[in-house]
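Below you will find one chain, with nothing else, as structure tokens; this is the form predicted on its own, and questions on how it binds or moves follow later.
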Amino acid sequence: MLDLLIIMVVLTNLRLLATSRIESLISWAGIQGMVLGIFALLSRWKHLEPDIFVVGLAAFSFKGIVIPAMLFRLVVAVRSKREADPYVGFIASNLIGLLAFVGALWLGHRLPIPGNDMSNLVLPATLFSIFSGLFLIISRKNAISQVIGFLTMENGTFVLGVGTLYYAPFLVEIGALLDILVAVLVWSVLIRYMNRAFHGITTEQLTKLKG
């Protein structure tokens, strides 16, 4: 079951790389957040402690419901519907993503990880999620797409943190979730001001700030 959830995380990453509609990006990011919340709960189901339950519930709520709802409201406010002209096309992005996943599988099976009760897919999924998020940030021009990229990167670190929850402090995971929530709030404000100043949220407009 855990391997199936990890595979779903990988598939949602590929879907994010191939999606041009901003609302669809947010929806898939929310689905990924829900999957991660369920993954956190099931990863230690036989020895479910209160801290693990709180991490799973918080991840499901924040990543799967609260943050996507905030981003949907932001899309309505700035009237941005689509990533029209990315630096890297969507088909090319998916091909690069597939190659990156193969590389993550190769590298993930060669890096040491703490404990021996964790799925072998955790580290490859972590590496691939971090790559996917970084690729979204550097290959997309829409500011909301880049926010989704940052969230995807954080989801990758969350997979590893939950997979090694016996070895990672509880407060670290909760602190990271709260940091992401605050970051999205700040980004929402900045993107709204950016839309007012430039009549759009394409980050290419930020070059006008250069002195």
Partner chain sequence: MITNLFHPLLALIFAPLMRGIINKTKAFFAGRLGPPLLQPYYDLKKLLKKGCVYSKTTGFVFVLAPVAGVALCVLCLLFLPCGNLPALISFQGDLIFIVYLLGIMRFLTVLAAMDTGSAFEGMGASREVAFSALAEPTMLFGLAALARKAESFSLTPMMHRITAEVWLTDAPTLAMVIAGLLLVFLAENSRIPVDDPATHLELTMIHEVMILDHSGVDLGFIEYASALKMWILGSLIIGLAVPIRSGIIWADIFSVLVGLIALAILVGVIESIMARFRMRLVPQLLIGACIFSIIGFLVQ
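Positions refer to the first chain, counted from 1. Computed from a predicted model, the values in this text were never measured in an experiment.
Below, we turn to the form predicted in complex with the partner chain, even though it does not appear here.
Looking at Val10, you'd find a heavy atom of it within 4.5 angstroms of the partner chain in the predicted bound form. Of the heavy atoms in Leu190, none are within 4.5 Å of the partner chain in the predicted bound form. The partner chain in the predicted bound form comes within 4.5 Å of no heavy atom belonging to Phe131.
By the criterion of a heavy atom within 4.5 Å, Leu127 is excluded from the residues contacting the partner chain in the predicted bound form. Contact annotation for the candidate site: Leu4, Leu98 and Leu121 all lie close to the partner chain in the predicted bound form (heavy atom within 4.5 Å).
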